[in-house]
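Just one chain follows, in the form predicted alone, and it is written as C-alpha cells.
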C-alpha cells in the first residue's frame, strides 16, 4: 500500500498492509535544534514515517466585504491567513517584556474595540490576556466577526501535488489569532477555561450564546469545504477532555455543538478526527456518539492522561479509528531503543487488532533522540497484518 492508502484503510476501520505510523505535529523548534533545520516533509522521509501534509487554505468572502489582512505578514507554523473587513480590523502592538515575545492584538470595530495578548518562547505560544473581558463583548464579536471560507481550489492543488505520498489533513478554524477547532475549546481560549466552567453554573445561557456565535462561524467554513480533497479534518481540543471538565459539562456544552459540525462536515463529504488531548476514558462513548471518523490522542497515564488503549479498542474500536496512544515523553528520550520498540509493540497489540489504528505520539514533542525516533519508525513498519 501507499501511505495514503494505508491511512485511509485505517480511518475506514479496514486492515492495511501494516501499521500506519506517523507524528501529529513536528514542531519547528525540534526541526531547527535537532534536525539541522530540515523541512516538515523531509522529517517524514528521513525516518520512513507515513507523511501528513497539513493544509491551511482559507479565502475571504467578498460578498461580505471581507479580505485578507494586509498587515499580517509572513505566516508562522500552521498559522492561517486572517480575514478582515472595514468593520473588523486587527492591529498588532509589540509589548516590551524581558523574557518573552509579547504581542497585543487589537480588534477594531465601529463600536467597542477588543484586545488579546499572546506571549511566545522558543517552544510555543500562549494567551496572557483573554479577548472576552466583559460578557457584552460577545455581542461585538457576533456583529462584526469575519468568516474564513475554505479555498477548495488550493486544497485540491496541494492534494494533487502530494498524491499517494500521505494524508492531507486540515482543521476546522479556531477564532482569529489564537483559537481551537471545537466550539467549547474556542470559547475557553477567548474567555479562560476556569471562568468558562464557572459560568456554566452561574450563567449557562450566556455560555450557550457564546458557543452558538462561534458555531455559526465554523458552520460557514465547514459548509464551504464541499469538494475539498482532505483525507481528514481535525475537530475538538483538549479543553473538552475529562481531566478538564466533567462528563455532564461535555453533554450540555460540548457535544450539542460539535456534533452539528461533524454532521455538516459529513454532508460536505469530509471525514472528521475528534481531538481530545488529556483524559478520555469517561467520554469514549460520548465521543463515538458524535459520529466522528476517528478520535485522538489517547494520552497515556504516564503523561497525565488516562488512556487504556486495550479498553478503548474494546469499547469504541468498532465505531471509529483510533489515533495516537504512544508515550513520546518517556520513549522518545532517556530510554533505550529496545524500550521504544516495546512501547510500539504495546500500542499495536492493544489497539491494532483488525486495523482501524494509526500509531502516533499523543500530541506534540519538543525534544527527541534520533536513535529512538528511528527505532519507533522501524518497529512500527514491522507490525504487519
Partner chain sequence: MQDILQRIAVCIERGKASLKSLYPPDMKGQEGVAELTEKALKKGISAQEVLNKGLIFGMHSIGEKFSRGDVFIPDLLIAAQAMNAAMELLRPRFESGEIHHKGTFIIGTVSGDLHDIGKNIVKIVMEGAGWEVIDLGTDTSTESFIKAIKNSPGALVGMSALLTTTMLNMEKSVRDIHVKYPYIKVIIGGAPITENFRKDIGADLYFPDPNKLVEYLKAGN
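For clarity, every value in this text was computed on a predicted model and none was experimentally measured. Positions refer to the first chain, counted from 1.
One more form of this protein exists, namely the form predicted together with the partner chain; it is left out here, but the text below deals with it.
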Within 4.5 Å of the partner chain in the model of the complex, do 198, 244 and 249 each have at least one heavy atom? yes
Taking the partner chain in the model of the complex as the reference, which of 216, 91, 267, 202 has a non-hydrogen atom within 4.5 Å? 202
Considering the partner chain in the model of the complex, which of 302, 78, 161, 136 comes within 4.5 Å of it through any heavy atom? 302
Within a 4.5 Å heavy atom cut-off, is residue 144 in contact with the partner chain in the model of the complex? no
Heavy atoms within 4.5 Å of the partner chain in the model of the complex: does residue 153 have any? no
Whether residue 123 contacts the partner chain in the model of the complex should be assessed with a 4.5 Å heavy atom distance threshold; does it? yes
With the partner left out of view, is residue 256 within 4.5 angstroms of the partner chain in the model of the complex by any non-hydrogen atom? no
Heavy atom contact within 4.5 Å of the partner chain in the model of the complex, the stretch among 230-238, 269-277, 217-225, 95-103: 95-103
